[in-house]
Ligand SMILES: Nc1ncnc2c1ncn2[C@@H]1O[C@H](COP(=O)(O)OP(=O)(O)O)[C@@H](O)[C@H]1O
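There is one chain below, alone, in structure tokens, taken in the form predicted on its own.
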């Protein structure tokens, strides 16, 4: 239950609505009891009428009894209607509050997810993150809404009904209530088993969803290797497992209602049998038997719900504990300053070393360089040399292990993180497009984007001609992760997105690898005028991409082994020259291919 203490702030926030809901519960319970009282009075009145009729038929007046019976009938109908009305109000307050808290909780979790660093997402899989914000929150909502509502309802019913029953006849009350605790205990254990089986079904459903998602995402590979039959057979295995788990669940479910009806019937039989004995003994009236039967029915579901509610609380506590695990994670990357920051573009790395926290791989080793505002710096090297790590440190997706990154002469950790990132246009190595239109993807980083700005950015990225060839142009939906576009088109849309933002710092992380040399040259030609106006970092493994930069860094195993302009590096006749000559040999071959 300690885990559920986290929800107290939400209860306090909606305390007015919850208090009103509790009041509605109390009023609905009062009106629920009224019909039973007047049913008893009606039975007793009918019994009196029969006795009067048989003892003194001459002076018997039916109208004397009819008026009272009609009045009792009106009271019973009115009380039942008012009970229904206040039950509706009860649900409209307590259940609606549970939906409000569910909404708030999901927003809090999503907000926390967005604050957490990149390392967190490398340690946790997407399916688990999704389950905590969906399945776990839904279980917590069941505790906030139905569990609290039924607990209040049950508590008030027991407090109001049992004293009334004891006052009428203690012996009959004790006999009638015997099956109800048994019902609560049995339902608790049945609910526990149902929960275990439900969780197994949910896990298997998640497994099926993951399998199907992978199959659809990798449909090109699946078809290329003609593995459709094998994939179908694997799906059948997963589906059969899901079917068996469901069958086990429904077998247990099948015990629930029959057992409940059995114990309700047992209470009713005891009411009639013991009640009959008490009537003959002159301790109660026949109307009391009818009254007790109604009380038994009133108490049956609330008492049965005790087991169910206990199970809900257990599940909610387990789910809230899972939620708290992530909610209590302190973001590794924090915004240390609220002071507004306007980036000019000076960049300096001072003896920077970086080790990836999860793998222990040393990506950068004592790297130092400077870039003045408005200049362009190119970084070149083999795969795994540490090029992309420089981009992640500049956008502060990670903090350095040793050394400092300075922006405009200030340590990057001391700057307003959000203002810094707003001033950066970043084109990552792994292109990601959202499942929306091409125009919306280009305009992603800007507010109130106009079509002219979007089109200009697309032209600079050499993707405008491709876009207008689509039937819907810029309104074309790109599908999940941009699946409807080619690799080169996705990269160019991503470049257009960065250009449209009009940032002070542009970072291109090997974002032209999927385009041909001719298109690359056109893009770079368009970017030259843009690059001159802002600081630009160009990361690539191609010499053709970086040769026009003001300065070039050559990285190998996380260290700078060469530094200078294109011409200076060629004159040095070192690693860069060898790479350049090798790519000159390969380029004609690639053009022929």
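Predicted model, so just to flag it, every value in this text is computed and none were measured. Positions refer to the first chain, counted from 1.
Heads up, the form predicted together with this ligand isn't pictured, but that's what we're talking about next.
Checking 179 to 187, 160 to 168, 335 to 343, 354 to 362 against this ligand in the predicted bound form, the stretch whose residues place heavy atoms within 4.5 Å of it is 354 to 362. Residue in contact with this ligand in the predicted bound form (any heavy atom within 4.5 Å), chosen from 86, 398, 259, 113: 398. Shown without its partner, this chain lists 288, 204, 388, 502 as candidates; in the predicted bound form, only 388 has a non-hydrogen atom within 4.5 angstroms of this ligand. In the predicted bound form, at least one heavy atom of residue 383 sits within 4.5 Å of this ligand. This ligand is not drawn, but in the predicted bound form it has a heavy atom within 4.5 Å of residue 122.
In the predicted bound form, no heavy atom of residue 126 sits within 4.5 Å of this ligand. This ligand in the predicted bound form comes within 4.5 Å of no heavy atom belonging to residue 213. Contact annotation for 549 to 564: no residue has a non-hydrogen atom within 4.5 angstroms of this ligand in the predicted bound form.
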